[in-house]
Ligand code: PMP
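There is one chain below, alone, in structure tokens, taken in the form predicted alone.
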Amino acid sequence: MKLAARRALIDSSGIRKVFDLAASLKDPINLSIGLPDFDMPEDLKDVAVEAIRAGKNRYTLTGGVPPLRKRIARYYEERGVPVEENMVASGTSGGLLLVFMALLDPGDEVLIPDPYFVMYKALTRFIGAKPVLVDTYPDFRLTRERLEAAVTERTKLLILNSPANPTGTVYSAEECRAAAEFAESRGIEVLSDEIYEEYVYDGEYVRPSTFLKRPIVVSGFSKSVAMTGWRIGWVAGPGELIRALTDIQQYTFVCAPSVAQETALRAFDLDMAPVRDRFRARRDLIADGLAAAGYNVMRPGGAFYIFPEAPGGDGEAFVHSAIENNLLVVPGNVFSERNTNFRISFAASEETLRRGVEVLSRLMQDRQAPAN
């Protein structure tokens, strides 16, 4: 069978390769997966069961059920985000694909801060556009100077992800404002991926979208309330874009899952502060443990990832060493054009994190030990 040429533009997920490599491990210390380690709240399960029994199992309107769309609109109005309309998508990943399909033509360029969430680069290439990676090492901050060095006359879109996967970086108000002014002065659209907005550990969350006159915002409940398998997210933004996304969804996803939409409506009312406090303690545990072991690491301000530099500077080789010691982490070149770092997910129990820190400390000591 001759597959379409675009198939070659997408490689197998690097994270999946780690899983394949570690398939033979027994009871691994798993710090690799970007998945909350708690179950979906019982209140939401009850809502879902009630919706199923009430017969809400059919197609919905393509853009989503009206009560959910109204609740999304109110959510952003209360936070001062100037979005005109919204639509409900099959997860934030589905929303990203719809935005890329509606906005990008072959040859258009997309500015993506590096390190990056793997889907940004893959989907950009899949659509036929060109990803332009903006190097943010070693501090993972986004400055106007770094953006100016990467922009061209073909730049169509800038992606902001704060809090960020894989670094946990949270942009400051000054960084958000500078990025917004840079993009708007050049007529560049800005997509703000705010899926990790519930996981900000130091001060109030500064939304990149609040600094934009016409932002495109992607978010959802996969991470905040552990609904990853329910595939529910949304896109909010300019009216003409949302109408275009809805048209495309009609011929692709058709609609987001009906029961998931009913459940998401209730999720807006949950207080997830206790979860955030628990994850802050885990952030402190892993960040302090790595620093004490001698790792060069930036303390994450949000999300549930930390992105240390690998001893010896080869992230992939270091990950192989970790796996040999029953520890699962992900090489940094999965998320970056560089191979100098590795990603740890601290969405795991404190016991698991402590076991992971012990292995990582031992690996660092082995690197530093003088050769006989």
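Position 1 is the first residue in the sequence shown; the rest follow in order. Note that the coordinates shown come from a computational prediction; the quantities given were computed from them, not determined experimentally.
Although it is not shown, the form predicted together with the ligand is what the next lines describe.
> Let me know the one among Gln249, Asn165, Asn86, Ser192 whose heavy atoms come within 4.5 Å of the ligand in the model of the complex, would you?
Only one option qualifies, and that one is Asn165.
> Between the options Ser222, Ser258, Thr124, Thr210, which residue brings a heavy atom to within 4.5 Å of the ligand in the model of the complex?
Comparing distances to the ligand in the model of the complex, the residue within 4.5 Å is Ser222.
> Though only this chain appears here, would Tyr171 touch the ligand in the model of the complex if you measure heavy atom gaps against 4.5 Å?
Taking the distances in the model of the complex, the answer for Tyr171 is no, it never comes within 4.5 Å of the ligand.
> Just to confirm, Gly91 within 4.5 Å of the ligand in the model of the complex by heavy atoms?
Within the cut-off, so yes.
> Residue-level contact is defined here as any heavy atom of the residue lying within 4.5 Å of the ligand in the model of the complex; does Phe279 satisfy this criterion?
Judged by the heavy-atom cut-off of 4.5 Å, Phe279 is well away from the ligand in the model of the complex.
> Does any part of Phe117 reach within 4.5 Å of the ligand in the model of the complex? Heavy atoms only, please.
Residue-level check for Phe117: yes, a contact with the ligand.
> When the ligand is placed as it is in the model of the complex, are Phe307, Thr340 and Arg367 each within 4.5 Å of it, taking any non-hydrogen atom of the residue?
No: no residue has a heavy atom within 4.5 Å of the partner.
> Could you tell me which of 70 to 78, 222 to 230, 284 to 292, 126 to 134 sits within 4.5 Å of the ligand in the model of the complex, going by non-hydrogen atoms?
Selected range: 222 to 230.
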